[in-house]
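Taking the form predicted on its own, here's one chain by itself in structure tokens.
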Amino acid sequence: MHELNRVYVWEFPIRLTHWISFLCIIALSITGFYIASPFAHAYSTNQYIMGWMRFIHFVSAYVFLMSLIIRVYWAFMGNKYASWKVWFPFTGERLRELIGDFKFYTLISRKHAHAVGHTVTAGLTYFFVFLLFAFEIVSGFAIYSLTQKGFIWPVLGGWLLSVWSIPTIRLLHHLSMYLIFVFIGMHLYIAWWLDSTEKNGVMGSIFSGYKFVAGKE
């Protein structure tokens, strides 16, 4: 039986931005659904439902943006497990690991690449997810810029209006949310599966920062 060592993997900024982003996605999804298709109606002028939904949506969007900025910053300032390098598996060794992961997840092979931090597949997946997050932010600000004045709004997202029409931006903004839902479902399943099979504490690591690995790091 291999001795398990406790390794500090996820630093506090990683854990903080992880949970802030998760809560923001929940808030943005619920309020976004309401803004697009109200599922509750006011019966009094004192019930400012749409106003509150829009307010929560906008505040969550700003918090989500700041969380993403902090995460990108920590990709350059954090430890090796948080590094931006894990998002780009373009070396010969890491490309072989990527092919191995593909064979494993498609049930072609039983060999699985073990990693203290992110596997090659996870790192590449997170890169595309961050791009998806960025598109949600930019497209959201593009829609918001329609009713706002000032030089900052074209910079944050208004420039997208010259690329696509408003209906197209709204559709893509909405569809991107469903892609994020798919990612969250897969993320939870794979994390639970790895935790139950490898006994490495991956589920608890996003709270404590520590994982358990066999042998030396």
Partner chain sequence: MEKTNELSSQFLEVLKYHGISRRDFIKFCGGIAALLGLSELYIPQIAHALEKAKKPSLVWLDFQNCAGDIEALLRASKPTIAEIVLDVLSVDYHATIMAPAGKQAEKSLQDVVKNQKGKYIAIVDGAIPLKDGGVYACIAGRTAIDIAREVCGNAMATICVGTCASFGGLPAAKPNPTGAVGVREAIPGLTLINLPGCPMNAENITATIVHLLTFGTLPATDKLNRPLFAHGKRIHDNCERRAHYDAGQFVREWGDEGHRQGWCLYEMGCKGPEAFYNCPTVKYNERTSWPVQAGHGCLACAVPNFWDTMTPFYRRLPNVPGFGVESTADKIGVGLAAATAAGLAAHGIIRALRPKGEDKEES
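Keep in mind it's a predicted model, so treat the numbers as computed, not measured. Residue numbers count along the first chain shown, from 1.
Another form, the form predicted together with the partner chain, is not on view; read the next lines as being about it.
One residue of 88, 105, 128, 73 in contact with the partner chain, assessed in the predicted complex (non-hydrogen atom, 4.5 angstroms) | Among 88, 105, 128, 73, a heavy atom within 4.5 Å of the partner chain in the predicted complex occurs only for 105.
Proximity to the partner chain in the predicted complex, single hit among 191, 156, 63, 179 (heavy atom within 4.5 Å) | Exactly one residue meets the criterion: 179.
May I ask whether 49, 114 and 170 all come within 4.5 angstroms of the partner chain in the predicted complex, judged by heavy atoms?
-> Yes, because 49, 114 and 170 each have a heavy atom that approaches the partner chain to within 4.5 Å in the predicted complex.
Taking heavy atoms only, is residue 205 within 4.5 angstroms of the partner chain in the predicted complex?
-> No, residue 205 sits far enough from the partner chain in the predicted complex that none of its heavy atoms falls within 4.5 Å.
Any of the heavy atoms of residue 186 lying within 4.5 Å of the partner chain in the predicted complex?
-> Result yes; residue 186 sits at the interface with the partner chain in the predicted complex.
Partner contact for residue 55 in the predicted complex: the partner chain, 4.5 angstroms, heavy atom | Outside the cut-off, so no.
With a 4.5 Å heavy atom cut-off, would you call residue 11 a contact of the partner chain in the predicted complex?
-> Contact check for residue 11: no, nothing within 4.5 Å of the partner chain in the predicted complex.
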